[in-house]
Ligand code: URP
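This document opens with one chain alone, in structure tokens, the form predicted alone.
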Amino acid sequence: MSILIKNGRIITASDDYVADIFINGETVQAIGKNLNMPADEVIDASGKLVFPGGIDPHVHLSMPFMGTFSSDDYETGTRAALFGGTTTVIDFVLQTQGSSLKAALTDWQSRATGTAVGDYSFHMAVTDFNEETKKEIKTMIEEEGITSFKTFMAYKGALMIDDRQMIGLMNEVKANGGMVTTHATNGDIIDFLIAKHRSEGKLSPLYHYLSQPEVTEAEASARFTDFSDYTGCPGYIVHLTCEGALNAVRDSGKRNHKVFAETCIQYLILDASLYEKDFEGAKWVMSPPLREKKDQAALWAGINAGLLQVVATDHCPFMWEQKLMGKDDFSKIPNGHPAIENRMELLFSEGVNKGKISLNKYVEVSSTNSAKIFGMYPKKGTIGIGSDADIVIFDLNEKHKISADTHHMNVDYSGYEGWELTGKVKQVFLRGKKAIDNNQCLVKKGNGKFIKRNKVTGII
């Protein structure tokens, strides 16, 4: 199958020009003015933006949590991602404490293989680093193509590892060409505050927010940058939300050490006042929680300063019935927020259209940097000769509203209900195949491929 996209305004992390793109099979074969190749289909993209498919490196599909599972599986989640212009996601395999990394990987493969509609890869979340786990790191990197290892500095007794395990993991991952990422919040302080608020009968969603003050994230982020600096292991902080944590990343740079960091779309545009909506605030119960207006300003500035390289989602949706598990106790509300479909259009409308980021920065933080950091570039994350033909055709002027009535995520509410956007995904190509066309999905369950990733360098 060959496709010729004519006259689009091509945007990459570094370029902005009008040209044609010739796709043959799964890859881009030619880019230039007035291309005249014979093609099975010719698409006129005049007046439209054309940019690489989005990469969301932080999603949780069919994730077990608090006795239930996130409501999007690999079929519904990756399909919704495609509708929103995201062609590749990276999910988290969660090791069960007392079990092996391989067993966890086999479990997640059984959920994704033959199910995903869009492309996907895995991070490996290490929750029990010991001598047996240590032996598996090299295999994960060199044979499985899983080169990033997630750690949790919170959720004691379930996911959290201690500082001794963190240092041991970093040493082993560095020796084998990988990267350690982290959920950087101080679990002990959070657990103390949760217990305090519960003992005082303070049980509404507001106290989820008040149990995770900024200091819990700032302290853990600084500690993680210290560990990364000490071991020399490439480091990456997921879902960074606040000015204090951003300053920890900034301070790391002052001593000539680079730690990568991502924020998520919700932290750029939503704030903690939503927790004052009585139990409706449960829609936005996630960890870390939404922050203050001053943190939004700091995050946008951090993107433009290059301190934050990625805007992801931490997509982890739960049906309202599942959220009601915590109607009498905020600590029992499943943590998570649906956004996998909304990220690209929200970031364009709120970022580019409002003059907060450039078009090139938009592509950089929504696609290119993830590909570079996590070992998929230039196969993914750009429009270039030989790259996968993961391409979005985007109408920068079309206005529309977000609603649970029209989204494709498997969740019965939206955290952005009624939000008015300017800019709409019109067509999406995944490895040269037209996947989305004017709000219709043209590819089926099982279309998505697992993407093995290269070793990482900690340099982009």
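For every residue, the number given is its place in the sequence shown, counted from 1. Here the structure is a predicted model, which means the values were calculated and not measured.
Keep in mind the form predicted in complex with this ligand is missing from the figure; the text below concerns it.
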Evaluate residue 279 for contact with this ligand in the predicted complex, applying a 4.5 angstroms cut-off between non-hydrogen atoms, and reply yes or no.
-> no
Is there a heavy atom of residue 336 no more than 4.5 Å from a heavy atom of this ligand in the predicted complex?
-> yes
Answer with yes or no whether residue 152 is in contact with this ligand in the predicted complex, where contact means some heavy atom within 4.5 Å.
-> yes
Verify the contact flag for residue 211: yes if a non-hydrogen atom of it lies within 4.5 Å of a non-hydrogen atom of this ligand in the predicted complex, no if not.
-> no
Identify which of 290, 347, 261, 316 has a heavy atom within 4.5 Å of this ligand in the predicted complex; exactly one of them does.
-> 316
Work out which of 239, 174, 123, 361 lies within 4.5 Å of this ligand in the predicted complex, going by heavy atoms.
-> 239
Considering this ligand in the predicted complex, find the one stretch among 30 to 38, 63 to 71, 423 to 431, 400 to 408 with heavy atoms no farther than 4.5 Å from it.
-> 63 to 71
Residues of stretch 165 to 185 in contact with this ligand in the predicted complex (4.5 Å, non-hydrogen atom) = 183
